[in-house]
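Okay, so here's just one chain, in structure tokens, the form predicted alone.
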């Protein structure tokens, strides 16, 4: 059985910074969700059948991943600060960068092909 690690209340500035980061992830997820809905509802049908829906689905899927991963990220950082440990690495940054790259490339190809 693992010994319980001592925890102490971190400096409130770091707690609030962690919370602001969490809210930034949520804000990004909401932006992607709004973008996905806007693409699906406002963009006219493209020459490639189903492309508009696919682009909207990628935006919505990335929004779901970010929203779902933001709370564990916040929680792990909070626990690390309370235990005086190094902050854990986050896979969300890589997921976000790759996701936005895919969306951008997909949109660029659709713009060129019409």
Partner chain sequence: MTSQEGLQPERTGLAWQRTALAAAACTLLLAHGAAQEGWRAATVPTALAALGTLTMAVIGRRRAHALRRNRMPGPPGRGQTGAVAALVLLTALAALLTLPGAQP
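Numbering follows the first chain given and starts at 1. All of these numbers come straight from a predicted model, not from anything done at the bench.
Here the subject shifts to the form predicted in complex with its partner chain, a form of this protein not shown in this document.
### Touches its partner chain in the predicted complex: residue 68 (any heavy atom, 4.5 Å)
Judged by the heavy-atom cut-off of 4.5 Å, residue 68 is in contact with its partner chain in the predicted complex.
### Query
Heavy atom to heavy atom, is residue 47 within 4.5 Å of its partner chain in the predicted complex?
Output for residue 47 is no: heavy atoms all beyond 4.5 Å of its partner chain.
### Query
Heavy atoms within 4.5 Å of its partner chain in the predicted complex: does residue 33 have any?
The answer is yes: residue 33 has a heavy atom within 4.5 Å of its partner chain.
### Message
When the contact criterion is heavy atoms within 4.5 Å, does residue 101 count as touching its partner chain in the predicted complex?
### Response
Although its partner chain is absent here, residue 101 would stay clear of it in the predicted complex, with no heavy atoms inside 4.5 Å.
### Task
Could you run down 100-114 and flag each residue that has a heavy atom within 4.5 Å of its partner chain in the predicted complex?
Heavy-atom contacts to its partner chain in the predicted complex: nothing from 100-114.
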